[in-house]
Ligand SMILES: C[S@@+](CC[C@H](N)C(=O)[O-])C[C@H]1O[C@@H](n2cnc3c(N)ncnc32)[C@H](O)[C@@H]1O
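What follows is one chain in structure tokens, specifically the form predicted on its own.
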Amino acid sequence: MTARSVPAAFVRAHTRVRRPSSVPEVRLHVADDVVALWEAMEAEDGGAGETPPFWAAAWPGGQALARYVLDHADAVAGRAVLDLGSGSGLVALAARLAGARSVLASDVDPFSRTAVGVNAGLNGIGGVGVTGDVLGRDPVGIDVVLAGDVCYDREMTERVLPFLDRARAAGCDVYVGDPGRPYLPHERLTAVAVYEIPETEGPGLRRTTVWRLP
């Protein structure tokens, strides 16, 4: 197995199927033991390196964004959607369920790209394409950009924000699911929904906002 070719069987073998608490309409392959999964990725020489398996969890930012598009289908219905930093593909699948004409799921992690396809098949959802890093490109042929918790550190934020600005300037609607990260410039955004999402790791709830780039 290489970093560019991850077998679907690997995803299925090292995860279990669950429904995210805030998005029960969708089933996902998630990891019970992230450390064990990470070790398995390294043992299989999958190019895991220092990258944790973000794809094997339903993070609050993604759950809030998925919940929003399912509850407000008019945001994506009949439109071409880009799911930026797709991870498990939860937001991409929710967009298709909400009536998006097409969805492109983007993630730099090859394990994520395989997981998106596996999760799409699990839910019987078609029309979801998969691609790698798009931040250096212009969002051609896209009507809506959905970004779940992509501003998790300063370096990533500095890469993501110019892309989101270009997307908005090109006429795309841009929505960001954010669990309270300090790097997101909230003063530039408009809140459209707030959810209390159960923590991915440990007890408690995470107040998570869906923002729109005006």
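The shown structure was predicted, so the numbers you read here are calculated from the model rather than taken from an experiment. The first residue of the sequence shown is number 1, and the count goes up from there.
Omitted here: the form predicted together with this ligand. The next part is about that form.
Student: Just one of 57, 70, 167, 184 has a heavy atom within 4.5 Å of this ligand in the predicted complex. Which one?
Tutor: Only one option qualifies, and that one is 57.
Student: Contact check in the predicted complex: 133, 156 and 159 versus this ligand, with a cutoff of 4.5 Å between any heavy atoms. Do all three pass?
Tutor: Verified in the predicted complex; spot residues all in contact, yes.
Student: Residues in which of 94 to 102, 108 to 116, 73 to 81, 137 to 145 have heavy atoms within 4.5 Å of this ligand in the predicted complex?
Tutor: Of the options, only 108 to 116 has residues within 4.5 Å of the partner.
Student: Whether residue 152 contacts this ligand in the predicted complex should be assessed with a 4.5 Å heavy atom distance threshold; does it?
Tutor: Residue-level check for residue 152: yes, a contact with this ligand.
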